[in-house]
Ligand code: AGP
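Starting off, we have a lone chain in the form predicted alone, written out as structure tokens.
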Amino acid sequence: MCGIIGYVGHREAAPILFASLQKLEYRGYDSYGFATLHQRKIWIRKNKGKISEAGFEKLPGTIGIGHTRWATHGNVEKTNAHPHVDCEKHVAIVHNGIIENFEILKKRLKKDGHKFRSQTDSEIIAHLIENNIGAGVEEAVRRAMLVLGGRSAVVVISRDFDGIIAARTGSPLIVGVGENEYYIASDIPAFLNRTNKVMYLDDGQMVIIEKNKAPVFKDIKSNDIIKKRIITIDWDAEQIEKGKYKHYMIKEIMEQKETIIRALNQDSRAIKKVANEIDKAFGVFLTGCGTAGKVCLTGEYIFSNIANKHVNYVTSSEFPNYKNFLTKKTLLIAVSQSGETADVLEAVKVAKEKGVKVISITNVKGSTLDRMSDYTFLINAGPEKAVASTKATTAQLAILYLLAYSLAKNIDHGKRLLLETASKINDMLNPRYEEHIKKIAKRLHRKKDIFIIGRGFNYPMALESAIKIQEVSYIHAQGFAGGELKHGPIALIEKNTPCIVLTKGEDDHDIISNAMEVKARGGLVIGVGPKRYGVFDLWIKTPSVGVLSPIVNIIPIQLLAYHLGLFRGCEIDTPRNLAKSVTVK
């Protein structure tokens, strides 16, 4: 969840760290801090809140680390901000993850005489390193990592080492390779404006980056040296800037004019090969978290209706409970925008232990999920920086549709329908359309509750619609299957309670009947779909695309959530308590 950046090179580190950390703020924004190394002294500045305070970039030195925090252990206070140091300030550390055995380790360290300055679990790492500093900084870091429970990424600077040491046991770390300089970060956008060449740390590995030397990668347990190759990332630095837009979220919503088409840029032979694997598998699972999970749930409907194939969706955090159903004949399709979602990676790990073949759908080449998978489909959406996922969602759906149509031996037809849908989205996303949704948002923004209903393909999108509205506007929103309304949720409908009804323009009689039930109890009915039915008080038109309706119906809800958030004065790109990449369980 937290964002980490480190730099070793020939330039002043602090301005680079400051700019890079701002690009990682979507990973956490409770507090932030920097530490640099200069003349065998560690210089530290930190504060709570979002990155803003001038002067931090003036710290001296050409080696440094930075951190932006998403709070887990310890309140949002300056003392809990990273970096953390040991008793004698020999080392400074930044950390992403949760140390599951920190209470045991902290008691042991206190008994040894260590004094703690924060409430965090992370601080114990600095003290563990201090305990073994006599063996050298590199060995001290290695020994500390060996006793940490849970998922962690740690980056360390020391008064006694002219460089950076980093280690990973679960949470992501990536080395950026520049000209006689190196970066290490939680995510590529941190340094993409300076280099697109990277080297990945895998689980259980550490890297020693000494000034004026090439990085040395090692296995934490064995201490053996590991050879790594440099990978070039096909992302443009301009893609991570807002450009003419006020927020990343609206930029990424509008980019869906192109991103669905880019998602279709797949090797047809690979699509057919994976479709064949799905066909012959004995048990197919889809897994993901949050929005990606709703994409997977939609996938159940996509494969059932288009390919007559039964697949099972299991949310990633619950997937280990299904391990007894897994065999070498099972196939798992894992969906994650970042490719670093902790629960997804844990699900994949469980699957791999059972010999399951893993197919991933992700946005990040070289991510942990990509490297763990037997085959990966990259959605080609470009960097997605707003915490609320938009363009990745529809791109992931496009890949699932392609696979289903291929499984039905009709891939060319499927691709044509998806291209036609992308063209209709291009026509839909115009200023007048956005203005109409903005007017509806203005009418709804003071409401305490919003309900969303859908049937069939649009039931998962009702759930996803609720996520978007919750994330961005903080309005209590809930999605339901239309048929479930009368089994409890209708008790919540009062006069003028908003209820959004997702339709596809054909075979809508059941969902319209549900809308009438809401209307009969005084609810305000907002229709989304190709046809304006009489029951609608308000209507947001979407193109008629049949079974592809989830792709077009979620986009106006994304816009609605965006404008609800604006009217309510919310932090659009960085909603409270959330982070973009959930790398802790």
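These figures come from a predicted structure and were not determined experimentally. Don't overthink the numbering: it's just position in the shown sequence, from 1.
Below: the form predicted together with the named molecule, not depicted.
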Does the 4.5 Å heavy atom contact test between N458 and the named molecule in the predicted bound form come out positive?
-> no
Tell me, yes or no, whether N80 is in contact with the named molecule in the predicted bound form, where a contact means a heavy atom of each within 4.5 Å.
-> no
Verify the contact flag for S118: yes if a non-hydrogen atom of it lies within 4.5 Å of a non-hydrogen atom of the named molecule in the predicted bound form, no if not.
-> no
Proximity of Q266 to the named molecule in the predicted bound form, heavy atoms at 4.5 Å = no
Based on heavy atom distances of at most 4.5 Å to the named molecule in the predicted bound form, which listed stretch, 380-388, 126-134, 105-113, 430-438, is the contact stretch?
-> 380-388
Option touching the named molecule, based on a heavy atom within 4.5 Å in the predicted bound form, out of I399, L332, A292, I500 = A292
Which residue among K468, H95, R168, K504 has a heavy atom within 4.5 angstroms of the named molecule in the predicted bound form?
-> K468
